[in-house]
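Only one chain is included here, represented as structure tokens and corresponding to the form predicted alone.
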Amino acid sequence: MGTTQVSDPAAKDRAKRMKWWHEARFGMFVHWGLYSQLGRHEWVMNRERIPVREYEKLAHTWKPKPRPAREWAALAKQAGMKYMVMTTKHHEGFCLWDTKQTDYNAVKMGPKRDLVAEYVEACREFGLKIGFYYSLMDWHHPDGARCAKDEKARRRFVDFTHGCVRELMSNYGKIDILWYDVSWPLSSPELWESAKMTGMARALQPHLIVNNRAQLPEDFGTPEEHIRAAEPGRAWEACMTFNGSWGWQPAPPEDWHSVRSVLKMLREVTAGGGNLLLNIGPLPDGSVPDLARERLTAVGKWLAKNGEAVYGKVDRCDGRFEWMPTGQFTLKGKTAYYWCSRWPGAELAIGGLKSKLVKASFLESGKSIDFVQEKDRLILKGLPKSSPDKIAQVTVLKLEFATPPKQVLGAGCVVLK
């Protein structure tokens, strides 16, 4: 997929629109819908071949507790997340807002409330940027599949889709992110009329950031369930489940990402100049799963002490550093942050650094660290016997260099003469 912007031809304002997003680094994804009641994955309707009429009954039995989105937003803020993206309509076709496009929605049926409005209100209360997920694929709409073979059906379904996007972009004030998903079954952006759809969304929301899943490149790529940096100059966001399922599904503790695992993902996206969108799948009533709350709270405590190594303008580490058995780097200009996840004891040695170190310190406390730098070997001395970080055993060492640092090691070793 190329980098040409179709629905935003000039693209001259992209850097301005995306500045906050690049510096935010960390967001919360929320998958919540009728499927949450079954607790067997958000694809349960498709995987189990549940007939539409049978699945529709879930719309009448769904009774979320009052304002659960406030709980999500409070946790996101506590976790150090800067924005949220919620499923306004997933593949099942049930709309969580007060739409005029279909009666299959949360206001006309079970909840009897505009759940999108509640989510927007919660985001604003806690100072979080607001993202709307919208699935182009729709298993409920009568034209959702036949639109691929019937032009009249395509016209109806595209009009329905554009109508939904227009409502979402019109009814809730400023929206920051439009996150499309699964452009099945139409095989081209021309058939979806994606440029027209997103152009309309941008006209309504001039500061909007749009992902690449309506078959146009737009503002950022979306690697899913893996962390892979995009090509230089291309913005990207890794979207990750917490326990292997987007929608709520019971899972043993070992299936959930640990605090250390979440921090590892954060370091990887930061080093690659990307973002992390980490999902929670609330329970049917909207409650946050206990393990998600527990682990995100710990991540937030860690970020409160070490966020300098994550947030703001960072440099990509591609080609600048090599792997180390004790940790890895993130980078801002002349300052490298060494995320030491395997504590070595009283001394830490890093080989191959080609830049002169001016100062070393613990990021959390600011306490200076003694060091010796000879040729291509840096030794940090007088360290505590165990990792100072008691949250996740990931201690960040702040290394300030005279010039932008670079590490060159290779596979060889020092030869004694």
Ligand code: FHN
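So that there is no doubt, residue numbering starts at 1 and follows the sequence shown. Keep in mind that what you see is a predicted model, and the values were worked out from it rather than measured.
There is also a form predicted together with the ligand; it is not shown, and the following applies to it.
Mapping the unseen interface onto this chain, Phe26 falls outside it, with no heavy atom inside 4.5 Å of the ligand in the predicted complex.
In the predicted complex, the ligand lies farther than 4.5 Å from every heavy atom of Arg202. Shown alone here, Ala214 lies farther than 4.5 Å from the ligand in the predicted complex, counting heavy atoms only. In the predicted complex, the ligand sits within 4.5 Å of a heavy atom of Cys239. For the ligand in the predicted complex, the listed stretch (87-95, 263-271, 69-77, 339-347) containing residues with heavy atoms inside 4.5 Å is 87-95. Among Glu322, Asp290, Glu224, Glu125, the residue placing a heavy atom within 4.5 Å of the ligand in the predicted complex is Glu224. Interface residue among Trp179, Phe329, Phe220, Trp302 relative to the ligand in the predicted complex, by the heavy atom within 4.5 Å criterion: Trp179. Looking at 123-161, the one residue that comes within 4.5 Å of the ligand in the predicted complex, counting any heavy atom, is Tyr133.
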